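The form predicted alone is given below as one chain in structure tokens.
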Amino acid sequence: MKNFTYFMPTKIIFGKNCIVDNSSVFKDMGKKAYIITGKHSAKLNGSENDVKTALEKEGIEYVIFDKIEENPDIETIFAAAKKGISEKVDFVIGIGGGSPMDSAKAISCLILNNEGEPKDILFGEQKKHLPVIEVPTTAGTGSETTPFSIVTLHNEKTKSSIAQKIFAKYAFLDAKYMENLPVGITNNTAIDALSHLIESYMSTNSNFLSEKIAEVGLNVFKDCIPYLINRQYPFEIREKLLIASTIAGILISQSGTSIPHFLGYQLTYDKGIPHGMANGILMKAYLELFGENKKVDNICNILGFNNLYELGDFHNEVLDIKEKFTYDDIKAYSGRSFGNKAKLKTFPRNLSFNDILNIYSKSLL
């Protein structure tokens, strides 16, 4: 068994109404909170109101930045940080899917480190940051338990995780915020969680402990498969999807993501394909690269599939894929992706440019 380290500092608080019922948590964080969210969903699903109720209950001031867009760029994050600086906030609360939660982490860093270019700060050496609390309102990114923050880089025409590693101090998990999620968002984010479980399990960075936890996560996800196919989501399935997503976040905190993620970023940037869907489109071809492999077989067995073809059919069945691609598209994507040497090292053998091209070709053409 190879040596490994395991670090998971985020305290997870799970259950219906867990934010208001555990409002005392906020009292130890500071006197003024900075709520980071998008324009609409946190207001509609009640999560923003619950956070405000909890803060008011404890006598804590708050300000809100609700302009986080899908796949936020550094400009938006910097604008939010400037407001946080002027308001002299003590801690940051991210409410939403991956975009607001990731942004909350980056903003917490820029508030304390504001001299110089934001990109240089975020992608530079590790710096101090304000404490962060995360409230997921989708079940997919796992950002509530990862140290990662993904931002859009327009010059590079892709997305990337910043260099700063920022764990939330607390993560509040309440599936009631997901009860009215549309089918598309539910399934796309669920596939994102599944891709985290699979990529962590298959990565060269995995270890004995993370692999056992991945198998638990895959078993939880298995219970959700019929409901994702039928597009019906009772509350207990919403809770299981949320748990699977959070487990997956814990896993990629240890091993990181792998090839489907950085290849999928090209599809999201270029075609606007949702992140989870992009991962799912590429998953079968990625796993085929392993050839005969016990861990791949184990994934299929745990999920209840006889082989990779059935796993691929499941992805096609739950994702509404409409976009079309050309050979010129995939050549451009392959060229940009092949430069990511760190992600290529998560595969157990050296991958060639043609290997990357073949993943895109099998998946998109």
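No experiment lies behind these values; they were computed from the predicted model shown. Start at 1 and count along the sequence shown; that's the residue number.
Although it is not shown, the form predicted together with a small molecule is what the next lines describe.
Q: If contact means any heavy atom within 4.5 Å, which of 35 to 43, 53 to 61, 332 to 340, 304 to 312 contacts the small molecule in the predicted complex?
A: Result for this chain: 35 to 43.
Q: At the 4.5 Å heavy atom threshold, is residue 70 in contact with the small molecule in the predicted complex?
A: Residue 70: contacts the small molecule in the predicted complex.
Q: Find out whether any non-hydrogen atom of residue 173 is located within 4.5 angstroms of the small molecule in the predicted complex, and reply yes or no.
A: Residue 173 lies outside the contact set for the small molecule.
Q: Flag residue 102 as yes or no: does it have a non-hydrogen atom within 4.5 angstroms of any non-hydrogen atom of the small molecule in the predicted complex?
A: Residue 102: yes, in contact with the small molecule in the predicted complex.
Q: Taking any heavy atom pair closer than or equal to 4.5 Å as contact, tell me whether residue 269 reaches the small molecule in the predicted complex.
A: Residue 269 lies outside the contact set for the small molecule.
Q: If you check in the predicted complex, do 203, 260 and 288 all have a non-hydrogen atom within 4.5 Å of the small molecule?
A: Heavy-atom distance to the small molecule in the predicted complex: none of the three under 4.5 Å.
Q: Going by heavy atom distances of 4.5 angstroms or less, which of 185, 130, 243, 237 would be at the interface with the small molecule in the predicted complex?
A: For this set of options, the contacting one is 185.
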